[in-house]
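Shown next as structure tokens: one chain only, the form predicted alone.
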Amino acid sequence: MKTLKSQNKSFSQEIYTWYSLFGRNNLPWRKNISPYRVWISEIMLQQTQVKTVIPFFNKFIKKYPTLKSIASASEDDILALWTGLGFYRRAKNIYKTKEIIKNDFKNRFPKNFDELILLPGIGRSTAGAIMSIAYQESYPILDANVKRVISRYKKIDLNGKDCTKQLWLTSEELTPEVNIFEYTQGIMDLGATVCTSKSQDCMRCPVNKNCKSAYEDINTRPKVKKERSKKKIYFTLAHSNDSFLLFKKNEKSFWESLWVPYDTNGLKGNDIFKEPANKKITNINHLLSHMELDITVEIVDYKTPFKVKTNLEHEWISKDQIHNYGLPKPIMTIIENHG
């Protein structure tokens, strides 16, 4: 009978051997590996699927291929590349982190786990991924895919008391000292392609012999429906000569630091706009992770742009320059479709 230690060693060996045969080596962040590229990809992959991230990562790296190239980027520059990816606080954290690296680390990416984990947006799992993938040092990770694999393998109740602590201890026990690059990529790929949230293909799984949940029907487990609160939003979008009047949202809520139309908060009319030449009402529903937005936008056309009496940060932005600003996806869509 195998000891616990030998079972753990067998687990990691099976994982990195499987990765060498079936791993997703074609993912763009697994080419030309550097701490910077791993960092950008790991931040983008937080709460977002690989297929969604790929075009955003490629676009981001095309503009900012290295840590040196992003050093002078503004927060707006980074948010502009994030439009449509969601969870915009991640982009703000990239800006904050690159500023810290520039000012405190002489624009050299930190090589120490304890330094990495203190940077904005980089938690224990992201720091572990950077250390293991970029620097090939043995550190455990616990992203959604890894959490699923090891919770099923060890039959850990995800609703149980202290389950996060138990998962981290298990991840540490299973993480090998050798082949850490292949193991880390492999266990993430296993959770993404074989042991998924919707199904588990135990026949293809390299660790099915010792898995305590192997061949269970996961579809019999009760599904928890995510409840979203609903919020109505009313905007007035001024348009003139192919330019749009947008305001930077500074309050700490969803879409913070993004450019949006004037928030009328359901009020009919306001004293900062002149009488328009033409009006059009459009409505769009948009889902956030925790909220469903019912957005009503009154598009008002003017013959010429005008000055606005307000202390809000604002700007008339031409349509051909709109992609250089960070906008929420539904607002960008409305602007793109307005002739």
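Every value quoted in this text rests on a predicted model; they were computed, and no experiment measured them. Numbering starts at 1 and follows the sequence shown.
Keep in mind the form predicted together with the DNA is missing from the figure; the text below concerns it.
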Quiz item: Would F273 sit within 4.5 Å of the DNA in the model of the complex, counting heavy atoms only?
Solution: no
Quiz item: Even though the DNA is not shown here, does K31 get within 4.5 Å of it in the model of the complex, heavy atoms only?
Solution: no
Self-check item: Close approach of K329 to the DNA in the model of the complex, 4.5 Å, heavy atom
Solution: yes
Self-check item: I70 within 4.5 Å of the DNA in the model of the complex, heavy atoms
Solution: no
Self-check item: Single option in T66, T48, T296, N58 placed near the DNA in the model of the complex, where near means a heavy atom within 4.5 Å
Solution: T48
Quiz item: Which residue among R108, R204, K212, R89 has a heavy atom within 4.5 angstroms of the DNA in the model of the complex?
Solution: R89
Quiz item: Using a 4.5 Å heavy atom cut-off, which stretch among 204-212, 170-178, 245-253, 100-108 contacts the DNA in the model of the complex?
Solution: 245-253
Quiz item: For 185-200: residues with a non-hydrogen atom within 4.5 angstroms of the DNA in the model of the complex?
Solution: Q185, M188, D189, S197, K198
